[in-house]
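First, one chain by itself: the form predicted alone, in structure tokens.
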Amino acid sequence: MTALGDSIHKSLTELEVKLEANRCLYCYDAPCMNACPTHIDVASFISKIAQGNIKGSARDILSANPMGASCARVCPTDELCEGACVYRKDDSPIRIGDLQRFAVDWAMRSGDRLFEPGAPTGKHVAVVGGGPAGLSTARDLRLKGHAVTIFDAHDELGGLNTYGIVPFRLSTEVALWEAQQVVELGAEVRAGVRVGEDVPFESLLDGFDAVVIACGMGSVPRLGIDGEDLDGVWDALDFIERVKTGTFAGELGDRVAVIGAGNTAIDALTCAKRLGAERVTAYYRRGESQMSAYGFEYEFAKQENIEFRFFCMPLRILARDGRAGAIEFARTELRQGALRRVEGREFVEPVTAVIRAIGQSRLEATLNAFGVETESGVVRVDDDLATTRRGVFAAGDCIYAKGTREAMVVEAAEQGKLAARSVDAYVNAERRNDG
């Protein structure tokens, strides 16, 4: 069994780094840079690696993407930068993700300070949520000289990077290092605080020049079937958080069923497998081509001997000795794009634990309490990420439309940068009006 903490990312040797960096053509108007949502200057950072200027390379990466350490581990590079590489047609794209990880890991080990805060502007911005979008926003606001206070419900910053991605893909240490870079720029942190409960949202409007909502989403929705309150039935995010923080004390047994087929489902599946479950199976009501998980995640799960059962809809969880012992499923099919249950094709699978991983619920009540307009729990924003309430902006999962694929960390980082630019323009305009 592979150990839970063993990283799936293998570091390049010094020779491999030199060979790979010198393979790069340093394209003008590089397609890899255009394919990256944060538009990292890939040619520049790889050129600096080839020249031995690793600090400069790391600065290039992190100036464009404050979440560059995490993204070097969790980004679907084959769909983004490496997918756009001119060598792709030969099936030998530059290993951009590995080179990015090499440069940023050097920065993590060195402890060198890469950025300094801007000259104080006298403006103070509240950021609600300390995940990738919130941290990216806060980092860029500090570079512009604005005071920032981050409010987060967890004890540590980082959001899903810290709590919701399995350790063998993204360690807590990496996520907390990124957060610490923002703290060292002078951002104030109020951890373990829920805005709307511990702190009224209206007090933020009264006490700050602008507010950025970056609180993401909530827990995994319930399946809505009988038996899901039995012992042995887990919310995938709660399960992963407990495992990652070392507080998981549950029993999985040897037959684990995960309901869902997104990236969080893959994390739950592979985590359960590495915890020792003999048979771990994903059940998804649609087909393989409708999965929202990244392709490389799916392939990784299959390499970990995870089973996938498609067109299976859970009907109820059956008890055995007072806990989850089996699941009754119905077969489904797609007819003209519509999912339908196939009557008379029910079956029962024995299980020892069930993990639901069917996305995340929206924080609709919380957002409505903030007084911003939402649609199906999604905050409405304009092109500048301004909400319908003056001085309030939003970024990250809370603005990500339902019915699309799962949001990427790199997209949250880019939205944070845009939110920071918009807030900067807003508070500067307010300052001119005040003057």
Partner chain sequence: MADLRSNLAGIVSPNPFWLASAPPTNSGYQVMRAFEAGWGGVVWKTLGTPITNVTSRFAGLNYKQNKMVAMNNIELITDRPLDENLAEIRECKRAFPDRAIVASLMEVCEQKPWWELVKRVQEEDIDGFELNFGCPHGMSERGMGAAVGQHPDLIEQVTAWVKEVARVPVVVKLTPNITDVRVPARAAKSGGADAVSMINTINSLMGVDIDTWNPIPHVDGKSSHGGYCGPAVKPIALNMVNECARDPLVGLPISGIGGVEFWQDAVEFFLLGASNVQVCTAVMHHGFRIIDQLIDGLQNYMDERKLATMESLIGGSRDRITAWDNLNLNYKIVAEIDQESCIHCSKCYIACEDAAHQCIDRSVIGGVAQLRVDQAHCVGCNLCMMVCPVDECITMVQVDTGLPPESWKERSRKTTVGTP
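Since the model is a prediction, treat every value here as computed from it, not as a measurement. Numbering follows the first chain given and starts at 1.
Another form, the form predicted together with its partner chain, is not on view; read the next lines as being about it.
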>> To verify the annotation, which of these, Asp206, Asp90, Glu343, Asp321, has a non-hydrogen atom within 4.5 Å of its partner chain in the predicted complex?
In response: Asp90
>> Please tell me which of Pro31, Gly377, Pro37, Gly56 lies within 4.5 Å of its partner chain in the predicted complex, judged by heavy atoms.
In response: Pro31
>> Based on heavy atom distances of 4.5 Å or less, which listed stretch (385-393, 62-70, 23-31, 362-370) is in contact with its partner chain in the predicted complex?
In response: 23-31
> Applying a 4.5 Å heavy atom distance criterion, does Lys18 contact its partner chain in the predicted complex?
Replying inline: yes
> Any of the heavy atoms of Ala191 lying within 4.5 Å of its partner chain in the predicted complex?
Replying inline: no
> Is Val86 close to its partner chain in the predicted complex, meaning a heavy atom pair under 4.5 Å apart or at it?
Replying inline: yes
